[in-house]
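So this first bit is one chain, no partners, the form predicted alone, shown in structure tokens.
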């Protein structure tokens, strides 16, 4: 294919997307360069490296990266590549080390990437300058309430302009912690599916699929199982005959705010009856810390899912963070991080993690359905039965929400997917 802007623009049309954007390896390579190589990507959370020397290793746009806490308590993002012969210097997914030592020739680096020691220095040239051989830092970094983002591009939209509209989604989650902090230290679920990364991104804010993909989670009355600590039942999704969307589900809205970001509102749940020993104690602790009225506001469900384009989402119902890592055009790795609310009773955090095992592990009631759909879509898109993927639901019915400085539509429509492809096209044409 030709990779000019006009060729790419032809693949995105009002209400439809050409199937090549999911199956063409050349387009995938362009995405790695023009989207994941330039956009602000979620890298990790400061709680994952609580003490100096603690590090995690990740891959961003297929680049090996270290996130490490330096001795001055600052967070550093470094390329995981020895400046001598190129070996990874941090071998584990997470560990703690006062120094980073390359296993190949023993070059030793400080936690800020400074080269400290070169064994057998007499082999070095007289002009050799250790200051020129430190681990390379990533070009840009931004942190908001513990969430660490980075851009592999030297220039582009600022972090503040990128994250601005989504600060409220992060606040919604962090404010639930009595101590005002989160910890992503409760393990993780990691799985790989044989499909394109955009299938998972689109699904995050798709309320249309729920009654059908997740039919096994809905009882005879059209109500999902309880998905929060203290709830006796979940959301009403369809009417009892399962042929029409339930009235509460119709009240859900999707919102977009530019840059590919978006979120969905939550359904009205029976919060007056939400009760369990763990939740009641949590509510008491939260109110004690911040006041009863503020606690009531925080515990009233507002957000269901939020997407911070292009690689992470926050779920407000089953609280967790999801990170999307493209591996190949038809292979994607996803990591689910349970969220521990710092200051909440241990039983409340345990209950949240237990429910997440039921809903979003690879073998759970909910996530399994989505993965099956992704694989079937990827397979089906190889068919020559049609060239276009339809994303036209609700086209033309978008309306402004001036209070939220966003655009809204019914959550069962596909406005959020169309917004993602506007951002996709901006990145791919170099105009983002």
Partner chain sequence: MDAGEAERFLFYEARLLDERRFREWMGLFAENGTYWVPAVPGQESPFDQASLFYDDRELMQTRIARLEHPRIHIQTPPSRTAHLIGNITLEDSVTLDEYAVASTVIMVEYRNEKQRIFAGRQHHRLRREGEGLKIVQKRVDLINCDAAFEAMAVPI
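Small disclaimer: the values here were computed from a predicted structure and weren't measured. Numbering follows the first chain given and starts at 1.
The following text describes the form predicted together with the partner chain, which does not appear among the structures shown.
S.K.: Out of 145, 188, 289, 250, which one falls within 4.5 Å of the partner chain in the predicted bound form, going by heavy atoms?
M.R.: Only one listed residue qualifies here, and that residue is 188.
S.K.: If you check 161, 333, 281, 239 against the partner chain in the predicted bound form, which one has a heavy atom within 4.5 Å?
M.R.: For this set of options, the contacting one is 333.
S.K.: For a quick test of understanding: in the predicted bound form, does each of 32, 44 and 58 have a heavy atom within 4.5 Å of the partner chain?
M.R.: So, no: the whole triplet misses the partner chain.
S.K.: In the predicted bound form, which of 130-138, 214-222, 148-156, 105-113 comes within 4.5 Å of the partner chain (heavy atoms)?
M.R.: The contacting stretch here is 214-222.
S.K.: Taking the shortest heavy atom distance, is residue 387 within 4.5 Å of the partner chain in the predicted bound form?
M.R.: Heavy-atom contact with the partner chain at 4.5 Å: absent for residue 387.
S.K.: Might residue 338 be said to contact the partner chain in the predicted bound form, defining contact as any heavy atom within 4.5 Å?
M.R.: Looking in the predicted bound form, residue contacts with the partner chain include residue 338, since a heavy atom lies within 4.5 Å.
S.K.: Does the 4.5 Å heavy atom contact test between residue 354 and the partner chain in the predicted bound form come out positive?
M.R.: Residue 354 belongs to the contact set for the partner chain.
S.K.: With the partner left out of view, is residue 371 within 4.5 angstroms of the partner chain in the predicted bound form by any non-hydrogen atom?
M.R.: Yes, residue 371 is a contact residue.
S.K.: For a quick check, can you give me the residues of 341-370 that have a heavy atom within 4.5 Å of the partner chain in the predicted bound form?
M.R.: Contacts from 341-370: 350, 353, 354, 355, 357, 358, 361, 362, 363, 364, 365, 368, 369.
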